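In the block that follows, a single chain appears as structure tokens, in the form predicted alone.
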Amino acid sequence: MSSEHAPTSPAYDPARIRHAHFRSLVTDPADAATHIRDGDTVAISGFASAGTPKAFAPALADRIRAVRAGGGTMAVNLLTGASVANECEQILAEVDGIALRMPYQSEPTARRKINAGEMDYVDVHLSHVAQQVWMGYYGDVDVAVVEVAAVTEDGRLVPAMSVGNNKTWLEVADKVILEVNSWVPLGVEGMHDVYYGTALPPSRRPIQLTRADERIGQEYLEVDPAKVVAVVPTDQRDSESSLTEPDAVSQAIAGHVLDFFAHEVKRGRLPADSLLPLQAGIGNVANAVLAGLDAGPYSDLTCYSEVIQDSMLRLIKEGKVAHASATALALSAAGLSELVENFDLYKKHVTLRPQEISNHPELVRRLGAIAMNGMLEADVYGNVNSTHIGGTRIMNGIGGSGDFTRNGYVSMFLSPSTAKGGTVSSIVPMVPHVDHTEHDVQVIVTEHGLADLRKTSPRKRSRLVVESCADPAFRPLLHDYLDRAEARPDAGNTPHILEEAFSFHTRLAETGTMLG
């Protein structure tokens, strides 16, 4: 579609593209996709369910099919902020269009290809991505595809519902394709705080952010107009995060967390009204914990996190949360509707930042964030596996949990005590894959209780984890393991039976003690 046809496009809104040069670049998705070549490294916007380009993936998938139909080869290396909308990742994975993926994924088709060895996957701490790309670990970024809400009169970009790594993508890419999404409320202008003061060693300076509601940057993203090769108008809402209402298990976990907060307040380790800035990973359990704060005594809470979920909107609306800082909005269908219908309210209480700031270790440590993240399993000594099933099959990735766990004021991991209908224990003798070591994990919580691992030695810690967090049906076998491990002449500081430690689930099956 040439620029003179742009006003006839159903998605074209002149209020969204206010700069003449950018209007001259308006085209359709198929034309924009011709700028992608085989072997290109393509960086796209999107963090969780928010801000993923809407027209790019179908157009690129069509281009890949056409190239292969003509006897050619076509695949790209795909860089993102974190996960992106499932439909984007799925359509590219289904056509084998992704050769390498970084830094986080959550889509089943891509996951199957990664575990089958058909797609390379690099699992990276989210705070590390921008630096690694700037240092050239992944070669040149050939094309950046970034969704924005508008282009201003002077050529600056109004970010959409996520910022993620967009600042970095626009800076490092050789070419830029913009998707201008008319669905995003124009009122989003002013919600963002884009900091351009980061630098690589040895030129780094302290980042002067001291409160979650503080602003240290600017409201817009910048791009060199000479890099922009296409502007694609779209008008599609963000994908929906899959969230369910809190069930009895997640509510029980939330109750233990709230009891812990009350204990820490009583001991003088947390402020009585506001606690400290909250960070919660994506998912139903974290969402339930935040929802549980509604019934608590706190009235001036803040959030310094990666994402804002539905429960955070409710806490803002009810006056419990004064301000929430994140890099993206990861909302359910109901949450998206609530956000758009009451955008003026939420804009006053929400700031979206680049993920190199939202996840920055310096800031997490300075602000004293309370880190609450999910896990697949923990072992009796506090090591946590949050990424791999059976130690080998990737689920999603480490994401930003490591950024907050190692640097947070308190680091908590939350999970139901069992999986697969109660047949698999989430508490095991030794995790087969370690994402977060016992040195970083301070608190483990399941529906059965909370284990505060601070100040505990390994032997005392192991019994505490079993008694507080393991499902009662699995406790006898776990205690039996520890009894025999501690009785060995060479038991040491952290008793283990190494030849048996990884076979816990197998031993359960062989002895007939599996549940279900």
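Sequential numbering from 1, following the sequence displayed. Keep in mind that this is a model prediction, so the values were computed, not measured.
Not pictured, yet referred to below: the form predicted in complex with a further copy of the same chain.
- With the partner omitted here, the residue from Arg459, His35, Arg475, Arg68 that has a non-hydrogen atom within 4.5 angstroms of a further copy of the same chain in the predicted complex is Arg459.
- In summary, among the residues Asp403, Glu107, Asp193, Asp310, the only one with a non-hydrogen atom within 4.5 Å of a further copy of the same chain in the predicted complex is Asp403.
- Comparing 388-396, 87-95, 167-175, 229-237 against a further copy of the same chain in the predicted complex, the single stretch with non-hydrogen atoms within 4.5 angstroms of it is 388-396.
- Within 4.5 Å of a further copy of the same chain in the predicted complex, a heavy atom is found for every one of His128, Pro201 and Asp490.
- Using a 4.5 Å cutoff between non-hydrogen atoms, Met74 does not count as a contact of a further copy of the same chain in the predicted complex.
- Remark: Gly117 counts among the residues lining a further copy of the same chain in the predicted complex, judged by a heavy atom distance of 4.5 Å or less.
- When a further copy of the same chain is considered in the predicted complex, Thr423 lies well away from it, no heavy atom lying within 4.5 Å.
- Though the partner is left out of this view, Asn407 does reach within 4.5 Å of a further copy of the same chain in the predicted complex, counting heavy atoms only.
- Taking a 4.5 Å heavy atom cutoff to a further copy of the same chain in the predicted complex, none of the residues in 325-345 make contact.
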